[in-house]
Structures are given as structure tokens and as C-alpha cells.
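Just the one chain here, laid out as C-alpha cells, in the form predicted alone.
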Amino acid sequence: MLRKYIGIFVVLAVIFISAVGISTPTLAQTKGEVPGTALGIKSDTDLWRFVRTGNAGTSQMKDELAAVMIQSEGDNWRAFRNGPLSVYGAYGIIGIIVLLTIFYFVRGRIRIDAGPSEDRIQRFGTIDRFAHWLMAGSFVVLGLTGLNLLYGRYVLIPIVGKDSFATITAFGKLAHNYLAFAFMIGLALSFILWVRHNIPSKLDLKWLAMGGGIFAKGVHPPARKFNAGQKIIFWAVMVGGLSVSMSGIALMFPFQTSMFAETFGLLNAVGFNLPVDFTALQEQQMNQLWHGVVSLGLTTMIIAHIYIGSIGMEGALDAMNSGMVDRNWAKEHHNLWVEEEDQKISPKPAE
């Protein structure tokens, strides 16, 4: 009989313990409380909201970022880089190549209307050509290595394989980092040499209104040493080159700058209302995205510049090769500059 009561008691005890063990967590989850005496916040939702917003916990590691479990901006960075940046960047580069190809077959090469002559005139000196090719040559390498980082895994790996791609990318990264300084030197030197020739004037409006004469044969709007189209290229390269150089330096020396916080602070001083409280990691992410956006924009524009300066226009390439250009070409595309140069050689007598 005693054994019977003991057995019943054990069964009832097991049922009670099981009921308490199951109902307690369920009750705690329903009320949003942490079971028992465990420390924590009210619910899992609050916990993950706290973590997902980038709040830092505690860590014995010296790196302050180690205490951040989830940095949600990383998702935004990856989505923008692999989405709009890559997609629209590819559209821009492929699109400009297609447009230039169509333009070439429709318009043809822009010839010298009066035909080549034996007379030559110096357009650029040695220092000018050095600055141009230093900037242009380094930009080409920077552009190719940068495009490789963005598209190489999709384009090169199927062609050369993963091992070769890894080698190409490793050397490309070194070339990108070191030749960046050559680009900056060329950029600064070009600005010093040419800024006085690239100040906008009313003459530029007439040049733009006539489409620069590139769409119709025999049309040559007046221009000095640099026409409106070249001025647009100049200022785009100067401003874009400076911007991409600053973001590039921030990427080469990570967590040492606060370019976006400082820039937004300056904009806020003139009426904007932009956020300025960025972590070091957020600064790096924005630097990388901005670097890509500006670089792709410059690359697209420079492809058109390369076309016009080479196969697109007869006689144009001589300006940066030998520095001496055909006089007929110069008269058609930069007539006021030719007059200024002739005036220096044989000034008109005073009346």
C-alpha cells in the first residue's frame, strides 16, 4: 500500500514540475519579462532592436568596434554597392561606348575642312604634356584596377580563373594605391598650368549653342585656347579628381578622417540640415561608396574625351603628342587663340 501511495506521489510531482517548467517561460514570453532572476531587457524584440541599431556592448578588446555586434549600415553599404552603384555604373560605361560608336558611324570622323597644311603652331609645351600624360596615364590604370574590384569577379574569373584573378587583383590593388599619388600630382600641376585658360566667359555660351560644331560639318564656333567643352571637362576633372583623391586617401588610411562629418557640417552652416554624428566605420563606408560613384562618373566622361581627342577628330591628338598642331585645325577649332598667338609674334602696329 505504501509503495502505491509513493508511486502516486511521484507521478503527481512529475506532472506538477513539468507544468511549472512549461508554463513559466510561456508566461514570461507573453508578458515580455526575462524568466527567473536573469539580467536583461524586457523582450527579444527590444534586445535585437538595440543590437541592430549599432549600439555597443562591452568588450575587453582594444578595438572600440569589437563591442558592436551588428552594424546595420553594412547591409545598406553592401546593397548600394552591389545594386545601384554596380548596375548604373555599368549602364553608364557601356552606354557611352554605344553612343560614341553610333556617333562615329553617323557623323564620321571630324575632319579638317580646309585640309591638312604644312604649317604648324605650338599648342602645348613640354611641361603641359607631362602634366597631362601623368594625370591621364595614372587615371587609366586607376580606372582599370578600380573596375576590376567592382566587376572583375564577374568578368575575369570566368576567363582567367580564380587563381589568376587573385594575382591580378593583388597587384592591381598595389598599383591603385601607389599610382593614386601620381594622379594627384598630375591633377595639381594641370590646375596650376591651365586654370587661367578655363575661366568661363560669354563666348562659351555661343559655343554651346552651336553644339561645338561637332554635329554639323563646316560649323566652327569661335574659341580661345580652351573651348566650352574642354572647360567642362577641366572643371569636372579638377573637382571630381579632388573629391575622389580625398576619399581615396581616407580609404588608404582608414579611421583617420571624418570627411563627411566635416563636409556636412560646412553645408549645415549655410542652411542645410544634414547628419554629422557618424562613427569611424560609417565614414569608411560612405567614403567607399562616394569614391565609386565619382570614379565611375569620371570614367564615363573621360571615355568620351579620349574618343574626341583621338579617332573622333582629325589632328586633335597632335596637341598632346608633339605639342605642335596643324594651323588649319587650330584656326577651325580655336581661331581666337591662333590670333592671339600670331599677335605675340607679329604685333599689329599702333594706329
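Here the structure is a predicted model, which means the values were calculated and not measured. Residue indices: 1-based, along the sequence shown.
There is also a form predicted together with a small molecule; it is not shown, and the following applies to it.
> In the model of the complex, which of the stretches 162-170, 85-93, 120-128, 145-153 has residues with heavy atoms within 4.5 Å of the small molecule?
Careful reading of the contacts points to 120-128.
> Of the residues 272, 215, 178, 133, which one places a heavy atom within 4.5 Å of the small molecule in the model of the complex?
The residue in contact is 133.
> How about residue 289 - does it come within 4.5 Å of the small molecule in the model of the complex, if we only consider non-hydrogen atoms?
Residue 289: no contact with the small molecule in the model of the complex.
> Contact between residue 260 and the small molecule in the model of the complex at 4.5 Å, heavy atoms?
Outside the cut-off, so no.
> Quick check on residue 296: any heavy atom within 4.5 Å of the small molecule in the model of the complex?
Residue 296: no contact with the small molecule in the model of the complex.
> Is there a heavy atom of residue 237 lying 4.5 Å or less from a heavy atom of the small molecule in the model of the complex?
Result yes; residue 237 sits at the interface with the small molecule in the model of the complex.
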